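Okay, so here's just one chain, in structure tokens, the form predicted alone.
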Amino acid sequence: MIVCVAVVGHQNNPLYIQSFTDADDALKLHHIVHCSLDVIEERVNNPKKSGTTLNEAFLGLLYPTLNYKVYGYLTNTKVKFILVTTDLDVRDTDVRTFFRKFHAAYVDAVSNPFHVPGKRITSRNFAQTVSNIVGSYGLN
């Protein structure tokens, strides 16, 4: 089950965070997203240690916690996508497909001429598209 998705700007500013659980878990999920930024920075700055190449957008499993798995994706413009799930047996191909769809929705949202780059994404259409993508995986 996908419990949280986030878009974080190139300066580590949150552009969009949506949790799909109770309000009690929202703060904990925001903390997990924030902590994953350190792992992303480490992988980007030390590609030889992490085993990922710089031309690979999918960062894979960033880190597992007791109840969650956190996955990351980095765009060419250094915008980070973060996925938090409670499924412990998620296939990488499913996560890659999710991130491709999520990236396409993000591109559509920021291509709006009224969107100010680097500011929060407040589009209701983007929020609905993200909810549909999460729902299409049957993980919500």
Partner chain sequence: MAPVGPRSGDAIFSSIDRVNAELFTLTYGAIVRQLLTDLEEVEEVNKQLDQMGYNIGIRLIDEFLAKSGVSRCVDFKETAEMIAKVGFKMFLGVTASVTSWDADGTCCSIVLEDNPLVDFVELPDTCQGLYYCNVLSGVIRGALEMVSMKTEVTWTRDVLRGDDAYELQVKLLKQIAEEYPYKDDE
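From a predicted model like this one, the values you see are computed outputs, not experimental measurements. Numbering follows the first chain given and starts at 1.
As for the form predicted in complex with the partner chain, it is not shown, yet the points below apply to it.
For T21, no non-hydrogen atom is located within 4.5 Å of the partner chain in the model of the complex, even though that partner is not displayed. For the chain shown alone, N125 is a contact residue for the partner chain in the model of the complex, at least one non-hydrogen atom being within 4.5 angstroms. Contact annotation: N46 falls outside 4.5 Å of the partner chain in the model of the complex, judged by heavy atom distances. Within 4.5 Å of any heavy atom of the partner chain in the model of the complex lies no heavy atom of D87. Checking H34, K69, H115, R96 against the partner chain in the model of the complex, a heavy atom within 4.5 Å turns up for just one residue: H115. Residues with any non-hydrogen atom within 4.5 angstroms of the partner chain in the model of the complex fall in just one of 60-68, 103-111, 88-96, 26-34: 103-111.
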